[in-house]
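What follows is one chain in structure tokens, specifically the form predicted on its own.
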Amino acid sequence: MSVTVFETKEVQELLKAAANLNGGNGNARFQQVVHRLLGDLFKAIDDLDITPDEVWAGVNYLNKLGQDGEAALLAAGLGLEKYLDIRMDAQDKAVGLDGGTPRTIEGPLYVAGAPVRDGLSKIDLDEDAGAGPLVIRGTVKGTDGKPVANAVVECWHANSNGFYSHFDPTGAQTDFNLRGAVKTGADGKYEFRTLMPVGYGCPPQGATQQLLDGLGRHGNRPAHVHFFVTSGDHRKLTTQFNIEGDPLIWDDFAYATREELIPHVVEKTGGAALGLKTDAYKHIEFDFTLTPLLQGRDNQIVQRQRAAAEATATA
């Protein structure tokens, strides 16, 4: 039999006590957030008549999620990371800030510490028979159209098996394979010589895919390339582009696709002269437009746990 107890004095006092809302110590903002989230959960249990068995199944699921280390992956898969982007887009619009390259989600697979090269970086450090060569180049500009010097463009993507270095379950990749960073010169130019990525799927036995299975959803992403672009005079840009023609571009489980982030892929020759693995290669031209600081500060810096590694001298 369904009952509702959320509005009772006993439950409301329990919520305040659990969050220590009137305790006089602790972090007031943390208390405020916990009180609201816990209250929303309690009310959902009332409204949906969630059973004790279902509650404990959820608790057990959270244990598995932590054991699998997939909380950030699930945040992307449930649209939480996309929602944060939607809010930041709305905040920019509210202050009249536009004209920059669209942001999109960071995802959970960045690794700090990639070596920074001037202008150009060849980032395919490991052999990969399943991937052909790809050149990504372009210009970093401001909203005034002028090139931005000394901007740092960081790039990372998966190999032909859909695995990212540092996180590769096979252990086959070095930490900074298919990862790199380039500092622009006065012309704002950057270039990465790499290999064509493919999309990836969530670990099939992991907590994220378990939840998606319950929702009747797949856990796959189209082929894509991630970027951070930073400059002291502009706001940090977190974005990625999808590889044109991938069938999952508009069915990305992480909701990262944006129309402006699907550049044209051009077939070229002359790769041997560039040090590529074959003479025929694919080329993507993609310019970044950075937006100015907001009242002298960069409000796009997001504090979150990220992996880090130390590059070798030959990386």
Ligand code: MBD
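Numbering starts at 1 and follows the sequence shown. Fair warning: this is a prediction, and the values are worked out from it, not measured in the lab.
Just so it is clear, the following notes concern the form predicted in complex with this ligand, a form of the same protein that is not shown.
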For this session: For the three residues 164, 200 and 224, verify that every one has a non-hydrogen atom within 4.5 Å of this ligand in the predicted complex; reply yes or no.
Result: yes
For this session: Only one of 108, 138, 142, 206 comes within 4.5 Å of this ligand in the predicted complex by heavy atoms, so just point that one out.
Result: 108
Exercise. Which pick from 229, 73, 114, 123 sits with a heavy atom within 4.5 Å of this ligand in the predicted complex?
Worked result: 73
Exercise. Going by a heavy atom distance of 4.5 Å, is residue 254 a contact of this ligand in the predicted complex?
Worked result: yes
For this session: Heavy atoms, 4.5 Å, this ligand in the predicted complex: which of 175-183, 99-107, 241-249, 115-123 makes the cut? Say which one.
Result: 99-107
